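Single chain ahead, written as structure tokens, the form predicted alone.
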């Protein structure tokens, strides 16, 4: 068995996410590589939540449509997912509330008898899954003790009740490889920012990037982080710019609607040359859209946000390792060039759980910024060859440190003199030339699959996982740009060599990356687009690529 999928579903408020995490850790403990897809409506309670936990012998980053085990806490889970079942799929369900074929357990009755609460039905059904899958009791107890923060003993007792009242039927084997850590994309972003010297993280909670806020808040004492939740996104970015003015590396997190409110602050960062990292998690819009689902429809917004012209870095990682690495790179580059840098993600990447291979993360360390040498008068906006001016931070004796939103001279004194305006404008824009040269040191474009294939699939963000796996099966080449501004044209063109047909795969309705490529003279033959809020499954993309290649 090389591939195995479990779906657990129930109502919002029934702890589906926690249950999915426990199942993922159980399978991870057996040596399987893990990917977890979460699907939930924007409700505190009710509705239908589900998670698909896929385990594989090799590293994966996408779910499949068909499942091997269905764990049903409510009737919706059986009714809405029957199309996913195989002939031999196992269904384990709560017979107190669900009518189905398969293995039913009276979870409510069993919980009451063990003295537990309703939320612990999850533990009971996971215990039943473990027995059905042949997972040993000691592994169940080990994982529960490690990953349940409260009432672990009672949860284990209830899980063992489910375990003992179920028969083994799947005999899921252990894989002879060491487990990796499991991280969500949001957690990987947080780790990357810490690695590059983050001191302050400011955010107003907004799906799908809220997980970064929660993760870093949990680590704030360990890493001496300031993690702040102000009253609005306007305050978020202005607070981050204030930290940067004082010399503290700061990042913010948001989604499309929140980022709208940050645009004035973004332009201020461009004019005042204040470094900041913006984690922008995409979800369907416009406006509120469908806020707990996924999309890649904010690329043009991020590339063009803010008034006036200023340099920015936009990076779009595709999995947890890349999210960690490029978040660190973004923070380093923000401070090296004193510009805003984006980590552009989507709900699928932000909230999915991945087997995190630390050794696969390219080495990246905190880079010190260019500092004032205290020689002569301090000019905050000294006009240099690269456009990057030496930094000094308040309180610095002997230095007047300006941060101006108005056009200004080298000292930061406001001006409306035409020659000074032009000179200062050129200084700021000149950074892009040196940033583009700097990016040649990085793998800003990656290629996968068959290097001699005449058909190339181009994708960005979380579509990397599904495209790479589908391309391996179909014998195609995959090209993934990780930096979208400044666009790495040289690396991209090199990766595209030999391709006679180019298919662009995106989660938006208009083909934003395809448009970006076309604007640079790169031909796109076909687009495979999806914009219903759901990511491509492996089965779906294989089918659509097959159609596109005819």
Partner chain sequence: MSQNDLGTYAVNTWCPGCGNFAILNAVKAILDELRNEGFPLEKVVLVSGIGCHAKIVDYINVNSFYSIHGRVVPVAIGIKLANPDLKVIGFAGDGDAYGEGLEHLIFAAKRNIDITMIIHNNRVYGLTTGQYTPTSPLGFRGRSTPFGTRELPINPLELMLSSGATFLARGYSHGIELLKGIFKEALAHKGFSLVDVLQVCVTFYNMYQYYTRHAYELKDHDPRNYDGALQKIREWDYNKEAPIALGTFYKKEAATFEEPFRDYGAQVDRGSKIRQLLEKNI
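Note that this is a predicted model, so its numbers are computed, not measured. Numbering follows the first chain given and starts at 1.
Below: the form predicted in complex with its partner chain, not depicted.
- Query: Does its partner chain come within 4.5 Å of any heavy atom of residue 322 in the model of the complex?
  - Reply: Residue 322 lies outside the contact set for its partner chain.
- With a 4.5 Å heavy atom cut-off, would you call residue 231 a contact of its partner chain in the model of the complex? Looking in the model of the complex, residue contacts with its partner chain include residue 231, since a heavy atom lies within 4.5 Å.
- Mark residue 248 yes when one of its heavy atoms lies within 4.5 Å of a heavy atom of its partner chain in the model of the complex, and no otherwise. Contact with its partner chain, yes.
- Contact test in the model of the complex: residue 181 vs its partner chain, heavy atoms, 4.5 Å: Taking the distances in the model of the complex, the answer for residue 181 is yes, it comes within 4.5 Å of its partner chain.
- Message: Exactly one residue in 160, 119, 78, 225 has a non-hydrogen atom within 4.5 Å of its partner chain in the model of the complex; which is it?
- Response: Of the candidates 160, 119, 78, 225, 225 is the one lying within 4.5 Å of its partner chain in the model of the complex.
- Task: Find the only residue in 175, 399, 290, 139 having a heavy atom within 4.5 Å of its partner chain in the model of the complex.
- Result: Of the candidates 175, 399, 290, 139, 399 is the one lying within 4.5 Å of its partner chain in the model of the complex.
- Item | Candidate stretches 472-480, 457-465, 160-168, 412-420, one within 4.5 Å of its partner chain in the model of the complex by heavy atom | Partner-contacting stretch among the options: 412-420.
- Task: Assess the spot marked by 25, 146 and 268: is its partner chain within 4.5 Å of a heavy atom from every one of these residues in the model of the complex?
- Result: Spot residues vs its partner chain: full contact, yes.
- Message: Only counting heavy atoms and a 4.5 Å limit, does any residue of 236-263 reach its partner chain in the model of the complex, and if so which ones?
- Response: Contacts from 236-263: 238, 239, 241, 242, 243, 245, 246, 248.
- Between residue 197 and residue 361, does the Cα distance in the model of the complex come out closer or farther than in this form, changing by 3 Å or more? Residues converge in the model of the complex, at least 3 Å closer.
- Do residue 362 and residue 476 move together or apart in the model of the complex, judged by C-alpha distance changing 3 Å or more? Here the pair is closer than in the model of the complex; there, farther apart.
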